[in-house]
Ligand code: BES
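Below you will find one chain, with nothing else, as C-alpha cells; this is the form predicted alone, and questions on how it binds or moves follow later.
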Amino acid sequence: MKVELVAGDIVRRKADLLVVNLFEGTVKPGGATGAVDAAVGGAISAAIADGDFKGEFGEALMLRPGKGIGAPRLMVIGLGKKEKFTADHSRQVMLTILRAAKKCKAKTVATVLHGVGEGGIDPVLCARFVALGGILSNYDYDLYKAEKAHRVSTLLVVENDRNRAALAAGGLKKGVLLGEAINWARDLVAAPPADMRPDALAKAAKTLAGGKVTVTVHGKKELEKMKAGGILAVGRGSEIPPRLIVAEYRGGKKGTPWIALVGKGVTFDTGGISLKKWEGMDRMKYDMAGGAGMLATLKAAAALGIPLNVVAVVPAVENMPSGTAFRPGDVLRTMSGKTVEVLSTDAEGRLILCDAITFARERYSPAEMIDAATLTGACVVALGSVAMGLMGSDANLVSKLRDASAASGEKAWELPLHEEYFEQIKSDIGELKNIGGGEAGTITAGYFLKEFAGETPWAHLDIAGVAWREKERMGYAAGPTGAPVRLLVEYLERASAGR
C-alpha cells in the first residue's frame, strides 16, 4: 500500500473513503471534522444529537453524504476519552478504518491524523503510528486462497496545517518502513510448517543481505564444531538438520559495540518425545515467532538507518519425535560447557537459546543482549494476550526496555529473577535441569537462560501470549502480530540517541 502525506483541506480530497474523528462526549465537532460536518449539511452533528454516535473508542459511523465532499463514503471514527488517548491508539483505530475500507472495496482512503490537535499527540509521532497502523491493518495472509483479499492501494494522510504536514512526513515514512518489516515477519510466522522448516527460515533470512547487512548460515557440521549440544539435540528428531542464522547490520561507526538480538526459531514444535496434545498443535508453527521478530527488527533497523551495530542470532530447528530424537533423561553438554539434564523434550526452546546466547556472547562481546521467545505457556497464564513477560540481569537494560514498551505501545511486564528460583532448576545429574517444576514456569525458564548470559547485560522477552492473536485485539487482526519488533525498534532508536 502506498502511503502519502498530503497538505490541504480534507473536504476537497478525492478518495473512495474519507475518514475524520471525534473524541467521546463531543457535542459540536470542530477542526477537520467540523469542516466536513458543515460540508455534508450537519450529518455528523445530527448523528450525535440523535444518539447514533457517541465517539467511543473504535466506534464507527458510516455515512453516504451524496455531495459536499470528494468521497462517496464518509467515516467518523471514535477516539474514546481524550484523557486516555495515546499515540498507539492512533495505530489501533486504523484497523477499524482499513477493515471498513476493505469491506466496501475502497482503493483510496483519505484520513486525518488521529490525535493531533485536540488530542495533543505530536504530529511526527502521530503520523508514524497512523502509517504503521495502516500498513499492519492492510495485511492479509492469503497465499493459499484462490480469491485474494481486497487491499487498499493508497492511504492519503491529510493535514491542513502545512508546517505540521512538513514535520509529519518523516514520521509517516518511518511508520511505513517499520510496518513493512513487521509484515515480513508475520508472513514467516503465518506460513504452514511444511513451508517454513529450518532451511526455509534460513533462506528467508538470506533475503535480508545487502548494503550494510550480511547473513551467515551455519549448518550441522559447523554446529558440531561449535559443540552446540542444545541445538543439535533438539534438531536430531527431524530430517531437516538445524541451522544457526546470524544476520549482522553494521550501521554504527567503527568501534561501536554490538547489540545482540537472539530469537527462538523452532519452526514446528510437536513437543518431541514429550508429545503435545493434538488440540492446538497446528499453532505450533508460530514457535519461531521470536526468531522471525529478531530478523525483522534487524530489517527495520537497516531500513531506518539506525546508527548502531546489531546482530540477530536465530537457532532454527524442528522439534520432532523419531527414533533419533533426544529423550527425557538425556544429559546434554551445551556450547558453554554447562550440562543440562532433560526432563521434558517440550522445553526445547531454552535448549537452543542457551547455545545461541553463548554464541552471541563469545563471538560479539555485545554491550547488551536481548532474547525473545514463545517460551512458556506459563506466561500466557500469568499475563494473557495483553503483555509479554520481561526479565533481565541488568536493571538499566530492563528499565530501557520498559521505557521502549511504554513509548511503542507494545506492552511488557517485568517479572523477578530472585536467586531462590535457581533451586528449581538445579540438577542432581548435571548442572541444570531444563524445567523447574510446576511453580513459576516463566521465571525459571528465564533464570535458565540467565545462566548462559554471563556478565553481559541481558534481558529476556517471553512473547508466548502476544505473538499470535486468536481473535482481534489491541489493533491486530487474528493471526501473527510481529511481536516484539515495535518494542525493540523503539529500544534501538533510543539507544542510538543515547537514551
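If you're wondering where the values come from, they're calculated on a predicted model, not measured in any experiment. Residue positions are given as counts along the sequence shown, with the first one as 1.
If you look for the form predicted in complex with the ligand, you will not find it shown, but the lines that follow are about it.
Scanning M284, L383, L156, L304 against the ligand in the model of the complex with a 4.5 Å heavy atom cut-off leaves one residue, M284. The partner is absent here; in the model of the complex, the one residue of K299, R186, R350, H114 having a heavy atom within 4.5 Å of the ligand is R350. Relative to the ligand in the model of the complex, residues W258, E368 and D403 are all farther than 4.5 Å at every heavy atom. Considering the ligand in the model of the complex, the lone stretch of 356-364, 391-399, 405-413, 375-383 in range is 375-383 [heavy atom distance within 4.5 Å]. In the model of the complex, no heavy atom of L432 sits within 4.5 Å of the ligand.
The closest non-hydrogen atom of E318 lies beyond 4.5 Å of the ligand in the model of the complex. A residue is said to contact a partner when one of its heavy atoms sits within 4.5 Å of a partner heavy atom; W468 meets this definition for the ligand in the model of the complex. When contacts are judged by a 4.5 Å heavy atom cut-off, K276 counts as touching the ligand in the model of the complex. Of all the residues from 332-346, those having a non-hydrogen atom no more than 4.5 Å from the ligand in the model of the complex are S344, D346.
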